[in-house]
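Structure 1 and structure 2 below are the same protein chain in two forms, each given by itself as structure tokens.
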Structure 1
């Protein structure tokens, strides 16, 4: 009977592990299937077409060039491999300038005919209008925009997923914003967190440690929105006044808030790792004439290195994946940062801010999942690197 009961327990534990593993795998598959799907979607606004005259030799224009055309940075077809003619942009809103209300029709019943006539008689025209208004006998041809490539997605400098007529999906500003804020948070949190962990584990009186330990761990339970309010009310005005800025919502504000949020994780795990160092290691070092500081530096910290690295990784993970607090204090501007005193926008903040307004299954929706894939890969690479460092240490 006892053996049967033990087998049931083993089966329950094995089943729980299997369900957990499958859940994680399915989440990852879903994340990447949605994210990779964006690379098969056209960047042109859904339901619209770009057309030119049949005699125009240009058949394909990339999304960046289309943006430059509508921004008047490209004005001649020759710049796109066509004839030396000025590009004439035309849309439904321009119909009233060339056709009367009678020609268009009171219920727009002749709209298709007017569009067809205009494109047919103006060889230098680039027309942009709804696909439903494309005539069956259209005297023109559609311009192929194509889908975004991984290279353009990563190196693109413009994040404008709702731009018309083509979405601009450049993740570089978001990627750099995330890295800047996370790196700043770790540079602030790591020395303070490690110093606090060493003090609590090696120097502080047990009564002091009993007070500090619960207080620091309590900080980890504070909701991120509270940290965001604290940063918005205290840190942001302080940075604005200290550096004489127009706005205080900057990458530095985000780094400080995330650094404070990462401190409890780093301190708690690093302190536990240091306290788990056997006392015989300390006693042996002291018996050989080493001072307390030499013992901490040469014996305790190297021995507890794996636990300290684990705390750092978890702290970085919280910094990289934080949303609400960062959204509130960084300015939420998708610009490439050149200073910590500039507004930035991080990948998690972008997902949190835009997912609710993105149409399900659309290009914008899939682009946000692609951002989630980048976060996942970043965290995975970080964990692999830590494991390699620990493995190298064990080999030595």
Structure 2
């Protein structure tokens, strides 16, 4: 009896140890099942239909062409594989150009009939109106709008998820925004991080190190909103003044704040790597008459190279995934960045800013999960790489 009881307790321990692995697997399942869904979803704005006259041979139009039609770049059905006729665009937004208020009724109660007549009588029309106004015995046919392809998702230059009539979901500006901000952050954090790590591990008196270490840890513990707040009240105005800009919320502000946040990661891992270099290496070098700096430069750092690299990579991972601070200081304009003095928008900031407004289960919602997948994959790969490097080092 006692033995069974013990077995159960050990079983509980074993079960608990599987929770983290299970969570990672669940994250993958939930993120990807929602994220991949975006590639099966019509790009047309939810709750709306595109219709044409029954005689029109065109049955499907892709999202880019629809945007071009609404922008007047495509004006002839021939360009879409139809007859040589001009496209007569009927959009619900321009309703007053076609029907008077009396004709459609004050609550649009006659819109159904109007649409039916209009589409029936105009062979060259392309009508865009709410699905709820689709008449019951409709004398036209619905146009199928294709879903976005992976290629267009990755290469698309516009992120306009609530654009009408078709959502533009190009991830390129967000991807570049994330890379710019993170790269800037690492370039700023790297010299300071390395200097700090070398100083703490090799140069500083143990008592100085005892003070520095908790300070670095504290820097890691400060919440990201507080960094964002600090960036907003100190760094953003400073950049605005220094560079005479209209707005201080720029990629540079993001890089500086992220740089400070990535510092502790770089310092602590690089310091560990340097301290793990066996003392015999140092002693051998010093015995040869090398100075302390020569020993650090030629012996210690090369030996600790892979560990230091791991710290840098992990710092990049931290910077790429950081949400709130970046959201608060980068200005969040979804443009392809050209300079560090422009507002940019990163992937995590986009998710945080837009998930609240995206309707549950819609295209926009799924697209944000797809962004989450990108983020997850990226940090996962960096993480696994770092652990392999650190492990190899330990085995040695």
Partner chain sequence: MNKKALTQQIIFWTFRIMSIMVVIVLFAILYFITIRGAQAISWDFLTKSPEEGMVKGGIFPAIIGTLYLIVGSLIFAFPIGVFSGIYLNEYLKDGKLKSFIQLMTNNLAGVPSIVFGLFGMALFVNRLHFGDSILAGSLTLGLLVLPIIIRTTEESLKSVDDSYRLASYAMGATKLYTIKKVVLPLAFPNVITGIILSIGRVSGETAAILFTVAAYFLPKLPHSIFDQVMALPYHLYVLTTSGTNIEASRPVAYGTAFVLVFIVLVTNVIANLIRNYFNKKYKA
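No experiment lies behind these values; they were computed from the predicted model shown. Numbering follows the first chain given and starts at 1. Take the two forms, find the largest set of C-alpha atoms that superpose within 1.5 Å, and that set is the rigid core.
- Here the chain taken from the form predicted on its own appears as structure 1, while structure 2 comes from elsewhere.
- Once the rigid core is overlaid between structure 1 and structure 2, residue 79 counts among the residues whose Cα shifts by 2 Å or more.
- Core-superposed comparison between structure 1 and structure 2: the C-alpha position of residue 105 differs by no less than 2 Å.
- Put the two forms on the same core and the Cα of residue 94 is off by 2 Å or more between structure 1 and structure 2.
- Its Cα shifted by 8.4 Å between structure 1 and structure 2, residue 9 is reported here after superposition on the rigid core.
- On rigid-core superposition between structure 1 and structure 2, the C-alpha of residue 20 is found to move 2.3 angstrom.
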